[in-house]
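Below sits a lone chain in structure tokens, taken as the form predicted on its own.
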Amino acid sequence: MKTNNLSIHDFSLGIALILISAFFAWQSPVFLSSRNLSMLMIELSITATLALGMLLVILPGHIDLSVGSGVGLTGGIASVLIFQQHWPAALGMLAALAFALVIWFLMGYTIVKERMPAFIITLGGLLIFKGLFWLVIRNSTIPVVEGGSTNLYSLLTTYYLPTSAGWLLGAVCAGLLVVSKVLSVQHRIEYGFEVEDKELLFLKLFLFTQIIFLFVLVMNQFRGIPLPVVILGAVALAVYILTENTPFGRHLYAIGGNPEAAVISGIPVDKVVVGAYCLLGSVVAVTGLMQTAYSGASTTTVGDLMELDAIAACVIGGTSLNGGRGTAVGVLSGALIMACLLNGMTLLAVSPELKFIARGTVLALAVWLDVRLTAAKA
């Protein structure tokens, strides 16, 4: 089950992020420019959104290797409907979302009803979706162009909030943070639990609000807050509330912690797992639309290896591959580390071969750390 105690792993994420950022800023001063940070936030938003969806199926002890191919397929379906069949952009995107919900429901249902390993089912899905994707776009390139009703699709990664709207959004986020923390402390007092020292609580809230406004300031120095960041914020908030404050979220942790005990306690394990896969399907569709729009076209390479980046972000952020442990905040931290690493290597013109090696090394180290932490706690 979850715990609110801080561990060295919590601090290691921040230290790793600072070291990575400092290294790339030293090697390339452009790394900390407002323009590059804005691009970094867009890349982070796409990867982190998918990772948050992955968290929902890892918590109950499952996995999904098909999300990368699903990203390409859903983006490809929307592109064909909008730019070749001339559907309204909103309708084409909704069709892609509906398709993803149905497919991921069927995958989740197959896993729980047929008692088949999620690894095998989703590995098959990876291959099937990749083949379907290439068939849908006919192995060609479908540009995501602006104009008329198609603007809605292209604006997913090209729209920036006006400066005033950015400050307003930052103020709202800071206000919600303060209110939620105060309410949380009040609830803990009512139930007789220990609470943080008032001075420490004030310093934390002050620090986080300063970070929020600093983020808005930096983004406004380029064009404003990118729309993908807003989408990521909405998804992250939804996943945070779902996992931390709902029975469904508690069931996810309980199933991952001890499936047998979850069944005995009356938790509808099958329904919860299928629900987690359905939610992941919706996240895959949203990610597919953003990734395709960001790429500027639906091509055969869209979504390649994104499943590995999503899993790596989860594990780096403290999510256990065995289930039962992980948070939305941790996933965001892991995704930020991955995004900084890839963005920095791009700025330094690192060859694609070395990028693959670095991504694989980070994933292997993250899994190794997860195994060591799990063994230490046992």
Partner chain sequence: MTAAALLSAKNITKTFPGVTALKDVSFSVNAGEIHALCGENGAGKSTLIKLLSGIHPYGSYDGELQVNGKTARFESVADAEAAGIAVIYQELALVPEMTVAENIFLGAEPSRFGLLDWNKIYRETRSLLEMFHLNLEPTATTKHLGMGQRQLIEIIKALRKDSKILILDEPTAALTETEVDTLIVILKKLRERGIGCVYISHKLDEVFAVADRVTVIRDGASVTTKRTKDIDKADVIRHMVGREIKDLFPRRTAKPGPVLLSVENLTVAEEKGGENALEGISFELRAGEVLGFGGLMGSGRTELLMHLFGAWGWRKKGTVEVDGKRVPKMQPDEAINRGMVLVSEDRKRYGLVLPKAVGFNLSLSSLKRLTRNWLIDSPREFHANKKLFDSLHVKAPSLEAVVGGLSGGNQQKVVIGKALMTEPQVVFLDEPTRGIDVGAKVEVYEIINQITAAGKAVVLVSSELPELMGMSDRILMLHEGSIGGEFKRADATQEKLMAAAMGHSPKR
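Residue numbers count along the first chain shown, from 1. Please read these numbers as outputs of a predicted model, since none were measured by experiment.
Beyond what is shown, the protein has a form predicted in complex with the partner chain; the following relates to that form.
The partner is not drawn, yet in the predicted bound form one stretch among 84-92, 155-163, 69-77, 190-198 has residues with heavy atoms inside 4.5 Å of the partner chain: 190-198.
Proximity of residue 61 to the partner chain in the predicted bound form falls outside the 4.5 Å heavy atom cutoff. Among residues of the shown chain, residue 114 is not one whose heavy atoms approach the partner chain to within 4.5 Å in the predicted bound form. In the predicted bound form, the partner chain lies within 4.5 Å of some heavy atom of residue 261. Not displayed here, the partner chain is kept clear of residue 131 by more than 4.5 Å at the level of heavy atoms in the predicted bound form.
None of 235, 254, 273, 137 but one reaches within 4.5 angstroms of the partner chain in the predicted bound form through a heavy atom, and that residue is 254.
Among the residues 181, 250, 204, 223, the one placing a heavy atom within 4.5 Å of the partner chain in the predicted bound form is 250. Residues of 282-319 that come within 4.5 Å of the partner chain in the predicted bound form, judged by any heavy atom, do not exist; none qualify.
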